[in-house]
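Same protein, same chain, two forms; see structure 1 and structure 2 below, as structure tokens.
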Structure 1
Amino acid sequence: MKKNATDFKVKNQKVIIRCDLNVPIKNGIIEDDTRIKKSLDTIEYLINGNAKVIILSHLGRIKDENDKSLYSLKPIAKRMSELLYKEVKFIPFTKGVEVEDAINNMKPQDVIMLENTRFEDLNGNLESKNDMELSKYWASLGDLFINDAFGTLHRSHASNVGIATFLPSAMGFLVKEEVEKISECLTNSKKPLVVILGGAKVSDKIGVIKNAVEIADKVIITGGMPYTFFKSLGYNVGLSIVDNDSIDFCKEIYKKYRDKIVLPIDLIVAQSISEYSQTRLTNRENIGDKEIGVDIGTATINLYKSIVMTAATIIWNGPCGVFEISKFSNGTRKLVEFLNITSAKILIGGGDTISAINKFEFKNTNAHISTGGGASLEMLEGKELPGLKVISDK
């Protein structure tokens, strides 16, 4: 069992906390502050415990000097101050005397935020390559380390894995909640467990499909992924999205797990991916040469309903069609409707899936919506996350 924030005596301690403050930002204006709000619980806990709080985070990708002005954490520190009703002192450096002086002058309950950890990527990718010297330096600034950045737990960077190798470390509340809820769905879920995997490319989800067929009672393959399966079965898929590198994989896994894997039986096909395109409903054996599969059909929606409504646990990652275009969004919208009325335990992950549930008014309070797309997918693959592995054991 990994340590969590409450396992530490934090009073008077310099606590470095790695948050995931990677919010959408344009011209210094934060477009969505959900991630900042989600990180407040652990920070408030540390303040109330009289710790000296040192916040690290990345923001965006830093490839050249110009990116620095686009992805400074300064506006994030300002927003966090407003939300905490307390000064979050921003230090516009990632290392050096200014950082060290600011930390040496901290009093209990003070909060400071250093500049974007990925600024160190301009010095030869030191952050993203988990450079040992940088990790040691950052670790030397504190007494304890808390990782509350679930979204980067699948990465091995200096600001998460690196620091944790040099300091006593623990999970923050957000990481603890995510890890516990996802692990519970994967290893201790009530059956039947139904995994719904949609989205565009099979190759992105091969690991998840492999793990899902082992742990689930039914694995629904939807969105753009069924067309690679159909092609592997010898159907004409017209101009639908096909992941040619994954055809053999689809053939093999379907042969072995055809009782578990559920493919759509009918589809909405279009002439082009556009709101103005003509559409028709067809079964999966009758896609025309110039047609593109863009959504699931009515028989498939009913099939999904029967499976979803008898499930005790549901994991969903990836939309059922090109839901961004309203004409092709019916399957995804209907799935959200079924999930709204089921009493099953639900786990939802992935950026597009979260956009879809927001768009179609998902209101099931029994669900866990994961904040980390990549990290939650890797957990679904059954992989061990490096950012978690390195945290001290109890």
Structure 2
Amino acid sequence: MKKNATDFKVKNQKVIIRCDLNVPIKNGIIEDDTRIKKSLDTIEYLINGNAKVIILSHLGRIKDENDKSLYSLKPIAKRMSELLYKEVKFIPFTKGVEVEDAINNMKPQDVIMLENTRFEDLNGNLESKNDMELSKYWASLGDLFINDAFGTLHRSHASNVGIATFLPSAMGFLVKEEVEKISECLTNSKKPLVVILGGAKVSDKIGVIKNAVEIADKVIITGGMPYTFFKSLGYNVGLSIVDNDSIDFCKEIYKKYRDKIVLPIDLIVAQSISEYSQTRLTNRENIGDKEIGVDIGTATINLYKSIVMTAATIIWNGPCGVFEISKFSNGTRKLVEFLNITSAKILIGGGDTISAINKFEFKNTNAHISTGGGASLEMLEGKELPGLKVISDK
């Protein structure tokens, strides 16, 4: 069992906390502060325990110097100050004298936030490749390390795995909750267990599909992935998205688990991915050569409903179609409606899925909405997460 934040005495300690503050920002304005709010519980616990709190996070992907102006954490520090009703002092550097002086001058209950950890990737990907010298440096700034960035637990970076290698470490409250909720769904879930998997490429979810067919009663394959299954079964899929490298996998696993794997029986097809494109309803045997599958059809929606409404546990990752375009969104919207009224325990993960439930007003309070798509997927695959493995054991 891994240590959590309450297992350490934090009074007067310099506590480095890795948060996942990778929120959408446009023109310096935060469009969704959900991840910032999710990080507050552990930070407030540390403040109330008279710790000196040092926050690290990444934001976006940093490819060149121009990205620095787009992905600074300064607006994040400002918003966190508002939410905490307390100054979060922003240090516009990831290392150096300014960082060291700021930390050395901290008093108990002070909070500082360093600049985007991925700025270090401009110097040979030091962050993303878990450079040991950078890890040692960041670790030298604190006495304890708390990892509360569930969304990066599947990555071995300097700011999570690296620091935890050199300091006593623990899970934050968010990571603890995520790990417990997902583990419970996978190992202790009430039956029937239904796993709903959407997305474009089968190859991105091969491990999840392999694990799902072993533990679930039904595995619904939806979104763009069914067309690779259809092609493996000999159907014409027109111009629909197909993951050619996964055709053999689809053919074999469907043959072995066709009693569990649920594929759409009818579809909405279009001439192009556009709001102005003409659409038609068709069954999976009659997709035209120049048509693209964009959503599930009426019969499939009813099939999904019959499965979902009899489930005791539901895991959902990936929408049913191109829901961002309103005329292709009916399947995803209907699924959200069904999940709103089911009494099943629900686990929802993945950025597109969360966007969908926000768009279609998901309201079921009997659900856990995961903050980390990649990390939750790797847990669904049964993989050990590097960022969790390195945390100190109790």
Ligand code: AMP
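Rigid core: the largest C-alpha set superposing within 1.5 Å between the two forms. By convention here, residues take numbers in order along the sequence of structure 1, the first being 1. Because the structure is a prediction, the values reported are computed rather than measured.
Chemist: Just one question: which structure is the form predicted together with adenosine monophosphate (AMP)?
Modeler: Comparing the pair, one sees that structure 1 is the form predicted together with adenosine monophosphate (AMP) and the remaining one is not.
Chemist: Taking the rigid core as reference, does the Cα of residue 292 move 2 Å or more between structure 1 and structure 2?
Modeler: Comparing forms between structure 1 and structure 2, the residue 292 CA shifts at least 2 Å.
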